[in-house]
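Just one chain follows, in the form predicted alone, and it is written as structure tokens.
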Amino acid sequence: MTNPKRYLITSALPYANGLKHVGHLAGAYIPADIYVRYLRAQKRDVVFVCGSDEHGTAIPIQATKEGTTPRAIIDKYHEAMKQDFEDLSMSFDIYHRTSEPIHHETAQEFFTRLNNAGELETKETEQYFDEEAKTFLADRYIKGTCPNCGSDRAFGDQCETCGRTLSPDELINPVSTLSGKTPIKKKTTHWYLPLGKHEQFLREWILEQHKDDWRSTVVGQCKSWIEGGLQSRAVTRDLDWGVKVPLKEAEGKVLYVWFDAPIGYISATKQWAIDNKKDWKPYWQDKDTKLVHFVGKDNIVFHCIIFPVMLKLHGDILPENVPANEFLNLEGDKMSTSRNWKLDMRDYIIDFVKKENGGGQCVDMLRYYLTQIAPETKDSEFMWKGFQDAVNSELVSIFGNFVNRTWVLMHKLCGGKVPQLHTGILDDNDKILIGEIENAKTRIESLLEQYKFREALYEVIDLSRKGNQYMQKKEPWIVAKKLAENPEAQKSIDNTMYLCLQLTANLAIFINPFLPNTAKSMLYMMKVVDKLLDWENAGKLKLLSTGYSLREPQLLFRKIEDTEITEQIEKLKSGLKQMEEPKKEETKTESVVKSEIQFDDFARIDLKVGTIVSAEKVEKADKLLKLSVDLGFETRTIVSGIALHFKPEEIVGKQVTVVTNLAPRKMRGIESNGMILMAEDKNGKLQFLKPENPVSPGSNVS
């Protein structure tokens, strides 16, 4: 879209169930903030909305962990995240929340319009139900064994060990996390969005219209979803936490969080409009509005397929682009809150920002590094040593060094004032630098418009690098030593310092979207107002007037010391160790007794002794072994998650206790017909449950 009247920019709504880490910051927030600050510098009509996603099972689950209520959880983390974003210079026009009445009303109206128009369908399905808790179980309230890797840390939506997306029906031996009991299947009715009806629209809109201007990773993921066959997706669920479904026949149901959360962008815009006495409708209904969603790759399907279908049916505009980022890893491993392998925004704020006077330069140091390594086309890596190198070798030694040298020499050689430009004696080096300044705007602007923020930032730093090279060639400090012999040489010094000062003013404009605190510090040194940062001033050579006095130099950035990096790496390792140690201790001391069963329940289990006759690793499954077990009356294939404890050749000939009447389940494409019973010792090592002396295969265990 060329020359839109207005822009609506969104960043993914973060779940209000815990603090967010720098991976989130790099994925959906800093890129959006850079783009918005650039648009504002161009004096565009732009609204930047975000807010806390406060519904879904993640909230009550966190409340249970912390021994409190869902309301207390969202109040706690909403304020914490809002403050963290402010501390890291995110410039949202509004940071809203989906628990507000205006959001509930907006989401309910959205559902009602689609339902009344016949765009939703109802289906009766069987879902897991906890008879003791008397409630249907959302995916996260069901736990079991992963059919992919054999881990017992799998939930109804995803395995915590291998990361595979799951459905509750795929779990082996599912149990309710509420009661610990095996759930039953019970019929329930839900409303669905029939995505398959809109496949042609999505093909034309994404795979044809946006195949060239959207990131290839985004188009590729969308293509995979579309060609895989779009299925109807439930928009309601049985839960007591969320936006109530506005239908009498839907008592006890709420809108599915994936449905209500993106509508949060609309309700946030409405609240912003109320606060600023504006009309919200043009931002969502006028086709001259450019809507851009900034998200991580795990949100692509919601913002490129599902939400656009909802918007189309509701009569709203569609996103012009969804520049989704890949994931940011940490020190060679995937960030994980459960393993405590992460760098929370709050941790960085405490360890760096709050320790500085003002903290602005430390904010910008993080913003710089996260932009430099932004996972725009593939996963990238946050390394503390890399952070140190980026700050010390680039911000300090290139950008900061050029600005500082310019100010020091200007005070020393030009009396602290902007000198005159003598156009008649400009040499080739002068003219080359003038061309670099004038052309930089077009290059940087083009990259920002294409959401190539890494490259745009490189261009800014490279321009300061060229400033350093220019000054080194001109050597005004050497020329100054010859003034007694040649007073006319002052004109050469004046030209050098004039161009370096004008370059510095341009650098302030260019760096502002990326490092806003740095730009403010530069404005202070130049004794100019914010208006200088307007994009229309970029590329000009008369931003600082001849004869104007400038303030003393101040260092824009400080160096990161080795001790700080060592401390952070040790802190990271220590946090991981703390998460592992309690688990070991828990294994040693905790004795958990499951809920009581009757003798008839136990009698239904058929336990027999078997002998392992062969064992081999399951391909692409670190924890699984494929066993052939002689049960006397037959030899069975059993897949067991014991590969981390035993080598295949070590267990051939071992006798084991087998549950023989367990329903067959496929694991990694192999049908497993039974289960080997194991015991875990105090050190977490698995041991076979076997007879004291060898017995015939097939012997009953009673």
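The model shown is predicted, which means the values in this text are computed figures rather than measured ones. All residue numbers are counted from 1 along the displayed sequence.
Although not depicted, the form predicted together with the RNA is the subject of the following passage.
The chain is drawn here without the RNA; in the model of the complex, the stretch among 519 to 527, 88 to 96, 176 to 184, 473 to 481 whose residues come within 4.5 Å of it by any heavy atom is 473 to 481. Within 4.5 Å of the RNA in the model of the complex, a heavy atom is found for all three of 221, 454 and 556. For residue 430, no non-hydrogen atom is located within 4.5 Å of the RNA in the model of the complex, even though that partner is not displayed. Though the partner is left out of this view, residue 415 does not reach within 4.5 Å of the RNA in the model of the complex, counting heavy atoms only.
Residue 384 falls outside the set of residues with a heavy atom inside 4.5 Å of the RNA in the model of the complex. Under a 4.5 angstroms non-hydrogen atom cutoff, the RNA in the model of the complex lacks residue 340 among its neighbouring residues. Only one of 495, 502, 269, 127 comes within 4.5 Å of the RNA in the model of the complex through a heavy atom, and that residue is 127. Scanning 108, 321, 468, 115 against the RNA in the model of the complex with a 4.5 Å heavy atom cut-off leaves one residue, 468.
Contact residues in stretch 381 to 416 (any heavy atom within 4.5 Å of the RNA, taken in the model of the complex) are 381, 389, 393, 394, 396, 397, 398, 400, 401, 404, 405, 408, 409, 412.
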